[in-house]
Structure formats: C-alpha cells, structure tokens
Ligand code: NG1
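Shown here is one chain on its own, the form predicted on its own, set out as structure tokens.
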C-alpha cells in the first residue's frame, strides 16, 4: 500500500498551524482555546494512526479539555493497552504539532516512520477509535482528527460518539483483547461486577452510623459524565443516586463553579448544592469524568457556617487499600506474623506485593495511615498520572490516586490468572478480588467506575461517609508559587521531595521545616511555566502558612525570583 504524500500535504494544508503558539503534549494531552486547535487535532489524528500501525493494534483519540472552561478544548491519545500515550512518543507529538506548515509536517512524519520502523504494504491496517465530550467545539474538532487519521495510508477512523474519556480508554483496551467494546458493553461490564460484589457481601455488613445512607448526590459538572451516570443507573437496582448539574437549562455551564476540580481546590460545595443538603453523602466528577471526589457538610446551628468535609484522592486511595488488604488477609497463612506487603497466598503464589503510589502532594496523614495502620508499602513518583500508573503496574495489586481524584487500581495479569485457577476453593475473597478487577477501570482513572467501588466498599464496611472521613485527619497544608527567570534553575529528585540543585536551597528548606512541629515542605518547578510551586504541611494552618512563606522567600532568593518578593 503506497502512501499518497501529495494527498497528505493537501489534507494538512487545510489545517494551518496558528502562528506564535508552541504546543506541548503532557499528561493532559494538548489543551488550549478551541479556536486554535484544528491543526493540532488533525496532526494528533495522524500520530494516532502511526501509533496504530507501529503497534499493529487499535489506538484511540478523544476530544476533551477535562475540567477546563467550555471555551477550551483539547485532545488526548490512547495507547493500545488503554493507557495514555507512551511517554516515548510524546516528543513525536510535539514535533508534529509544532511543524510550521504541511511541508515541515511531511518531513516530521517521514522521520517518525523511519525511527519507528513503520512498514506499509498490502496487509497494513490500523484503527483509531474517536470520541468527544459535550463541548460545542467538539464536533468540528473531531472531524479534523478523523481527517488526520484517514490521511495515513491503511488506517481507518471509527467514530464512537459522545463518551467520557475513561470510556474510550476502556473500549480501546477491550477491543485489543478481542472483547466486545461498545458503550453498552462498558455499562454491562461494570454493573455485573457490582452486582457480583453485592451478592458476595457478608451478612455482618450492617450500617451503624446515623449518617449512613444508601443514596448519593452526584455533581455531574454539567458535562458528559452526568449523562453517562444516568444511563449506568438504569442497570443498578440497589444503588440510588441523584445527579445534579447535568447541563440542563438553568444549571449553569460546563465546569463553571461545579465539578471535582472546583470542589477539590475551593473546598466548597458546587452550584445547586446548599445547606439543605447537610449530612448527605455527595460526590463530584469533572468535565470528562476521569476525576472523583466525595464531600459532605455539617451545620450545627442555623446561624453557623457549614463545615465542609472533602474526601479527596488520598481518602479514596486509603479506602480502596483497606478493602484490598482485608480481602488478602483471608487468603494468607500466619497473617499476624507477616506484614501485608509480603503475604503468601495459601496455594503458594508467593509473596503478593501490594503497593500504594502517591506523589509528594499526598497529605502526610494519608501516608502515615497507609504505612502504620494498614502496613502497606507506599511509593512516591513525580507529579503526573502517567508516572503513578507506571509505578503501580510494578505491583501485583497497585493502587494510585492523585489528591485531585484521578486514579485507579491495577492488577497484575499473572496474579489474576492465579486467582482464576483457584476459584474452586470457594473462598469469597477470591471472587471479590476478581470482581473488583472487572469493575474498576484499569486503563485509566474513571469516576463512574470509582463511584461504584467507593459505594461497594462502604457497604462492606458498614460505614457512612463520616466514618470513612474519620480514618485520619488531614494535616493543614498551604501551596504557593514563585515566579522565576528560569524554572530550570531548580532540579529535584525523581520523587520531587528534595532539591538537588542549588544545594543551598534544600539546606534552607530543611532548616525551616525543623522549626515547625510536623513540618514538611518541598518545591518543584512547573513543567510549563517559569514558576516554582511550594507545598508545606504542619500541625496547624497558621504554621503551615508560615512555613510555606518562609520556603517561598528562599526560592525567590536562591532560584532567581522575579517580580514582587514573597512577604
């Protein structure tokens, strides 16, 4: 099969790159004002097609800007395993997006074909699944992406319609496993696993709190996830939820004062929630439904302000880790004599490694709970879901969540195969773990899947949302940022917990931390701007604020701060 280079250049010329803009592909893919993205999504379509041919498997592309305003849009690429685009291909994405015109783009494509040894022949075939969220600009941009895919010889674009980002990730993964991969299959898969876990719930699981409730109020961010939640609920008999902020008239705009990002950052209830919802279990998803946080609020008297309680990704991770640990404990010998991180299954699988992966932004109280209360191994990675996902895949069961609510549980395939061979044991925990592996979206963080997991764990434990929140109290924290002349002036360790250069800065941070009870602080340069982000924790809010200010001053002094000096 010959590549029609003349036709390719003609197709690319219809999508000229806007001048004066440098594009950078990151964890969020490409994201910008929608009016500036046509060339980028066309080229992303080309790259997704090349990746498909290179891997000889289907890939995916979704048009979304997640929790950004409705005027923005973006594009994310999905690898054959259902995960994010391989980091090794991100430079290819940047080179294509920044090619000055169709001729420069052609040369970049030729170079990628050569470097990745992509062959074209009569049997060459590829497939790219396409989807978009509900943004007004989505349809036009999806058409541009489709044309980019079709411009590559031997690759076909397949429009899957309006989907959440995690749904498309799930479908790409399922298709490459030769499994049914429609939206109906997605709902059926999750709901059946949820029903299985319901049936396996011990009789002793009874709710014991006055705040316990089977129902849940969900903020849908006026995005695509709200629509999908309503479709999922039709398959669930014993889980009731009310979805607000569905994008209906009068509910407001996409991500405008609503959504998981707003709730997590502002620590406030979203639009269309008020004090009449006090004591109720609430959750919020983001615009493309890959983030999830829970919350509730209490008002002791009419005149007092509500007390807002946020259960973020750290709390979700801790809840899931407790459930996984409990199931494993019933499958091991000499539980009391061995830490859970080196448990041995009865039939001799060997040591089952269970780990929780966090970033330095995880609250210190959550890390202490995981290590000291649950006895689990905790690993730290650089900020960014792609780093957490990669590290979690090293465990037999790896759990990861960022504080913003993006995360999931990964099961090593060898471990699942072992559990399947022992299903005749009749041990409920084996069936529960297998059901969790089916219900949780292992391709990527998925708010819909996450809600089902949270709710089933609370049912098993007999907990209300307040019981869950009480497992530990977050340490007060503060985040600041300092503008610098060059963010490369600071280099950190891989976990971003220590400054490698300049060494004087880390010494100054250590000195400041030593002044405060429970103090912890780190700094990290931004990946996209000339700013340095500061994080600080301490036992009180005032001391956390003071520690952050002190560290910010040292960053300004030692790392080339510009503009107003931190006071």
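Positions refer to the first chain, counted from 1. Since the structure is predicted, the reported quantities are computational estimates derived from the model, not experimental observations.
From this point on, the text means the form predicted together with this ligand, which you will not see here.
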{"query": "This ligand contact in the predicted complex: residue 273, any heavy atom under 4.5 Å", "finding": "no"}
{"query": "4.5 Å heavy atom contact, residue 291 to this ligand in the predicted complex", "finding": "yes"}
{"query": "Residue contact check: residue 479 to this ligand in the predicted complex, 4.5 Å heavy atom", "finding": "yes"}
{"query": "Residue 415 within 4.5 Å of this ligand in the predicted complex, heavy atoms", "finding": "no"}
{"query": "Interface residue in the predicted complex among 393, 497, 404, 437, criterion: non-hydrogen atom within 4.5 angstroms of this ligand", "finding": "404"}
{"query": "Contact residue in the predicted complex, from 539, 35, 511, 526 (heavy atom within 4.5 Å of this ligand)", "finding": "526"}
{"query": "Option from 499-507, 51-59, 38-46, 518-526 whose residues, in the predicted complex, bring a heavy atom within 4.5 Å of this ligand", "finding": "518-526"}
{"query": "Neighbours of this ligand in the predicted complex among 8-27 [non-hydrogen atom within 4.5 angstroms]", "finding": "27"}
